[in-house]
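To begin, one chain is listed below as structure tokens, in the form predicted on its own.
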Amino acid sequence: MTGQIADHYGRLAATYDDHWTHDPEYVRGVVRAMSGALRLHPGDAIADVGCGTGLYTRQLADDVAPLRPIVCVDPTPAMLDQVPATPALRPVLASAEDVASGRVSLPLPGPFDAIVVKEAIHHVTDRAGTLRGLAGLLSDHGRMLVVMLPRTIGHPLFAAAHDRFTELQPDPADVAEAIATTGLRASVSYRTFHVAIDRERYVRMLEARYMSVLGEFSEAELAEGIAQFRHAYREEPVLRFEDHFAFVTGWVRPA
């Protein structure tokens, strides 16, 4: 993670959860999909790498009720400080690269049965090496799930932000190929979640740079983009769009 991205999430931390709690069912739906994709059960040892504030991790803990705490890994102290103090979650200050390389050891003894990397893989520079290292932390029945946006998204961003996002976002097929090279059985599937959000609330999200791609723009460029957005959606007090996610999974092959 670059210093620019670290600064972005440091500024965003205090308000991050507010951006997505307008519809509690959205978070629950995404978590149910992740849990189903990994076939999680209470006996699993689970790590959420790039957990942010733990918004999705805490729901995962509520749904799965794991017997051991979910390890919550994030490199931004301000984000990790938002993770609730509960026995169900164990925060670890580290990047995905730190964990994958062994520079930072995770607190649970033994291998992990499930590792989640949600909307964080695009911040990893050495994706192949990091995924290889994470795969090495899995048990003999382990599985990994990388949740990521596709290169084209339905979020009602302004045109320059869409273009920049497509330029920066990795292809899920490339991530699946990197997972396959670790020896895991890899596959890609897609999930769609419906979003309805008040336009002015969404403007505040844009102003807060709720997506890291918005950090690519200066204050003046962002203001111009928001003006374009307001014009484009001037007759839509409630925005409705589909949020598509790629679910890239890797499973340990049977011996």
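We number the residues from 1 along the sequence you see. The structure presented is a predicted model; accordingly, all values stated were derived computationally and were not measured.
This protein has a second form, the form predicted in complex with a small molecule, left out of what is shown; the following refers to that one.
Scanning R127, H155, R90, K118 against the small molecule in the predicted bound form with a 4.5 Å heavy atom cut-off leaves one residue, K118.
For the options A114, A96, C72, A178, the residue carrying a heavy atom within 4.5 angstroms of the small molecule in the predicted bound form is A96. Per the 4.5 Å heavy atom criterion, the small molecule in the predicted bound form is contacted by stretch 96-104, the sole one of 162-170, 96-104, 180-188, 136-144. With a 4.5 Å cutoff on heavy atoms, A45 does not count as touching the small molecule in the predicted bound form; it lies far away. Contact annotation for C51: at least one heavy atom lies within 4.5 Å of the small molecule in the predicted bound form. Heavy atoms of F217 never reach within 4.5 Å of the small molecule in the predicted bound form, leaving it off the interface. The closest heavy atom approach of R132 to the small molecule in the predicted bound form falls outside 4.5 Å.
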